[in-house]
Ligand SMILES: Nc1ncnc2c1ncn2[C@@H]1O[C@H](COP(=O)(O)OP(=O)(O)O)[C@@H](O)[C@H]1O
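Listed next as structure tokens is one chain, alone, in the form predicted on its own.
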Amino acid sequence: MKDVYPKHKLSKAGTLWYLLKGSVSVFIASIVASALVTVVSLLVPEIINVTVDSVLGKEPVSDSYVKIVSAIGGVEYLKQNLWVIALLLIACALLSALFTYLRSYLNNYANQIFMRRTRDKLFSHLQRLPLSWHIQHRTGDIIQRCTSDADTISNFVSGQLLSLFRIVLLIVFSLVFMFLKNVKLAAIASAFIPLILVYSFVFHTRVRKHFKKCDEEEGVLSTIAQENFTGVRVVRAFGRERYERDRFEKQNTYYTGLWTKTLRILATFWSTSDCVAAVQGLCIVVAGTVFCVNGSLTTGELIAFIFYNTMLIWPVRQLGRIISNMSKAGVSLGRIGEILNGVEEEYGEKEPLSGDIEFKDVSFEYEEGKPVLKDISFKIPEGSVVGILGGTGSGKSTLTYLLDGLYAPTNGEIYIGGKPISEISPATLRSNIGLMLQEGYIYSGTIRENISLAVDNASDEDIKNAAKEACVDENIEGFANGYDTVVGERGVTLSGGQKQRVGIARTLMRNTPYLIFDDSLSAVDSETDAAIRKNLNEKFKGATVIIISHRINTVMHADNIIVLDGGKIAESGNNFELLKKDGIYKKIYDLQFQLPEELKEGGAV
């Protein structure tokens, strides 16, 4: 049966159950093996009881064990052959070892299935979450949730949750055997159980907020480290090593202090529960001795009772600790649940796309009350080239994000081929729109892998043709390993212009009917800029092209140029029409073409 992602919000228990699918049966088998270990462990005190009282002593065999003792030769036979009892104890030990092995193996196997599913589901789900969700969450915090929090849940499920079943069995069976031995002594032992459990519950409630705070601050620490390592060149270039080190140490000290405080609370809980357990054990020994003296309890029964009490009190203490640790697992489940409860994009199926692009009264704001685009309306005929010009923060890049379906307009509608893009699946949009960002992300593989990333089974010829069209083929062939050159994390070994052109080559591999250049030629010189545009005109003649740039010479040959100012369309028209208007475009044109050549090439304005 296909595993379908739940459409409803997952609670903490729902999150755990969803992640456990596929490993439940193995965990159950592990629980059965654990139960068998418990049953075998409970037999040992009874064997010792019968041996001390009836084989070594003179007490009659209990009615419950008469048939069993007779089956192995009777009391007199056992008195003459104590090795039989030794064999029984060895057999119990061997069975216990066998079931313990099965419990451990099955538990670890189930845990690996659980962790594999958890990692797969988290990664797959994160890939499907909208860009707006990722903008609202720090990368370091997301990584911390997928690693540290996932490990916390794994440890709870494979260790503590399994122990919980075994502990419940031990407590129930131990109490049953203890009450069968002596009701008064069993009542004394039982009186301490509610005290330990209530204390554990109160502690669990108190410590939960501390675990949550620790997890959140670990995410902050991870984010600082991740950003620092990623931007190491900037740190070195500006000599900010000491500042970054101090910033990390400050957060690390704060994070360590939180854990120190939390561990102090844990230490108080553990030491207090140990003290209560010691008092309980002392009461059992004293009361049991008194009962033995007055004849209401035999020596063998007292020994067996102490065995059972040891089996009882340790699980009760463990139960308390499991209850306290549940708070940490609960926090981690909640944090992972926040990821899984993020609403995925309905990706849909890929379909052909064609027609004019039209913006009708489109407005957009990232934050309520702070509009980035205001009542934008324009039309891009199919097969035309449109340039978009404007200052920083004028909303140029936001237009491309809206067109690619990465965000939805706050007001208005965008149409492609007369159809609202809200009715076009993201799969269709992104398979038909080639988007080249100013800073195209370069992965830490080879140049060949980066260029072929956008398509499956790309041939060497296709890769080289795309590199040639992006005017980066000569640079690549100049490297010692050519297309197999490893570029390092984020393309650290490539220049800014080379990274942009590799990104362009990657997009060109897809051969889409719509192309968007979001200032993606800003790091190349004017000559290379012109060569790339010429190649595009030759290969993608008929494609609808949107060019966003700060440089006039990049957009001046477009069929139509839209000038944005403060999130609104200030003016539009072709190069000659805009020059006649003597507006913003004319001012930028005069300024850029009066600058020295090297500043023009750098897009200084």
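Given the structure is predicted, the values throughout are model-derived calculations rather than measurements. Numbers for residues come from their place in the sequence shown, where the first is 1.
Below, we refer to the form predicted together with the ligand, which is not included among the displayed structures.
Please pick out the stretch from 375 to 383, 94 to 102, 179 to 187, 397 to 405 that is in contact with the ligand in the predicted bound form, where contact means heavy atoms within 4.5 Å. Of the options given, it is 397 to 405.
So in the predicted bound form, does Thr392 come within 4.5 Å of the ligand, heavy atom to heavy atom? Contact with the ligand, yes.
If you check in the predicted bound form, is Ala480 within 4.5 Å of the ligand, heavy atoms only? Judged by the heavy-atom cut-off of 4.5 Å, Ala480 is well away from the ligand in the predicted bound form.
Contact label in the predicted bound form: Tyr366 to the ligand, heavy atom within 4.5 Å: Although the ligand is absent here, Tyr366 would touch it in the predicted bound form, with heavy atoms inside 4.5 Å.
Heavy atom of Cys275 within 4.5 Å of the ligand in the predicted bound form: Outside the cut-off, so no.
Go through Val293, Ala71, Ile135, Ala267 and name the one with a heavy atom inside 4.5 Å of the ligand in the predicted bound form. Flagged contact: Ile135.
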